[in-house]
Ligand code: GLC
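As structure tokens, one chain now follows by itself in the form predicted alone.
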Amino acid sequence: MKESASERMKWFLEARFGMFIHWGLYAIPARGEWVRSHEQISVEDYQPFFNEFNPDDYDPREWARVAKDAGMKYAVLTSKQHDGFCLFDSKLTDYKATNTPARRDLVAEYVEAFRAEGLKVGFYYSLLDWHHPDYPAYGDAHHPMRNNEAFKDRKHNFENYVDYLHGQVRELLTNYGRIDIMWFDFSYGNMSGEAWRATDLVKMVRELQPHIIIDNRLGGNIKSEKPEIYAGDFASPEQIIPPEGVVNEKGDPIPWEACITLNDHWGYCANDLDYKSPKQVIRALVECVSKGGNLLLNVGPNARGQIPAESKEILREVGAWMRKNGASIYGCKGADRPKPEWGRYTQKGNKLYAHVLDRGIGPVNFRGLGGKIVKARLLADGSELKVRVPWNATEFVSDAFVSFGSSRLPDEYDTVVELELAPDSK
């Protein structure tokens, strides 16, 4: 049964928080997922990583528990990255995990493990392929052999590659049961839209999995009043949170998801210890939701299949906060009121969530909400908070205030006050 875009997106807008997982052969050189391109490594020089790939500590059940304990509701795994290596048992190539010493369909295990934890399951699939002989090499913007004169006159048949791309997507959406997200990456220059035969590709995806949602990286203009069929269900800003969310040409909000790394790389990079703090992650998540968006937060497991300890510790702390304050995230959207000077608002129905990030001096002012608040409580523990106008404020403003009774915030990461608004409050 065909679903409307709003029906397809319903769970996504409720979930708000997901895990991105970048993993593949590049975990062995451990210099990030673009190592082949950046260092212009040939297929032959990259082959030893294929020959030794054997993640003996790969346990997707643990990955799924880490995601669930962090408060994440879905995950997206790199089934094939730009280097062309497939984590799944594709019948269309020998360049896959089942032909390495691993001898395992790593995607099948991922799907089973994450489903078992009740999480939605997504596939990342790179439109680029630096291993396939029919993908343009010399002169391409990103191919490792873009400057190699030996490839200047090499013949290739790009349509053969596009057939291959379509065939692998068909495999992914046929062989692993229900898949919730198809996350394509990425279009550039002339390699966009119908270069991928994107209309036919999306029609096939929708036929195989009518409920699935698709990102906007096949090309097209998701902001258009009449977007192309392949323009996607949601926008995917990378390593940035849009200043005011994402809207279409009419000014109406459209679904979006900021994909953000925990350090400075997507794939495992042994020397990259520049990790974001739990406070940064929590506040980034709140910022996304306050602007009507989701956060897809990346982890890059190492060559043995382990999520780095630093990543797990950050996610553990984020999860502790989410267990107390998740009601201010799940199913919430931005509030139709100005950003307060002390933090941000999220809202669900008549519940307005004040995310107090900066203590400031004196009681916290909920500007414009005088006489509109039925009750207030600290979301983390449900304790009552009195809403009143202090005597020393009446000379300047008649408004709603809450005092925490301390010069410090109860939660320095983000203190959430749940405000129940009177009916028809604006």
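What you see is a predicted model, and the numbers here were worked out from it, not measured in a lab. Heads up: residue numbers just count along the shown sequence, starting at 1.
Here the subject shifts to the form predicted in complex with alpha-D-glucopyranose (GLC), a form of this protein not shown in this document.
Proximity of residue 259 to alpha-D-glucopyranose (GLC) in the predicted complex falls within the 4.5 Å heavy atom cutoff. Using a 4.5 angstroms threshold between heavy atoms, residue 16 stays clear of alpha-D-glucopyranose (GLC) in the predicted complex.
Among heavy atoms of residue 81, some come within 4.5 Å of alpha-D-glucopyranose (GLC) in the predicted complex. Of the heavy atoms in residue 186, some are within 4.5 Å of alpha-D-glucopyranose (GLC) in the predicted complex. Contact with alpha-D-glucopyranose (GLC) in the predicted complex, judged by any heavy atom within 4.5 Å, is made by just one of 96, 291, 73, 217: 217. In terms of contact with alpha-D-glucopyranose (GLC) in the predicted complex, the residue from 85, 321, 353, 266 that brings a heavy atom within 4.5 Å is 266. In plain terms, the part of the chain that comes close to alpha-D-glucopyranose (GLC) in the predicted complex, with a heavy atom within 4.5 Å, is 26-34 out of 26-34, 379-387, 61-69, 48-56.
Residue 124 is the only member of 121-151 with a non-hydrogen atom no more than 4.5 angstroms from alpha-D-glucopyranose (GLC) in the predicted complex.
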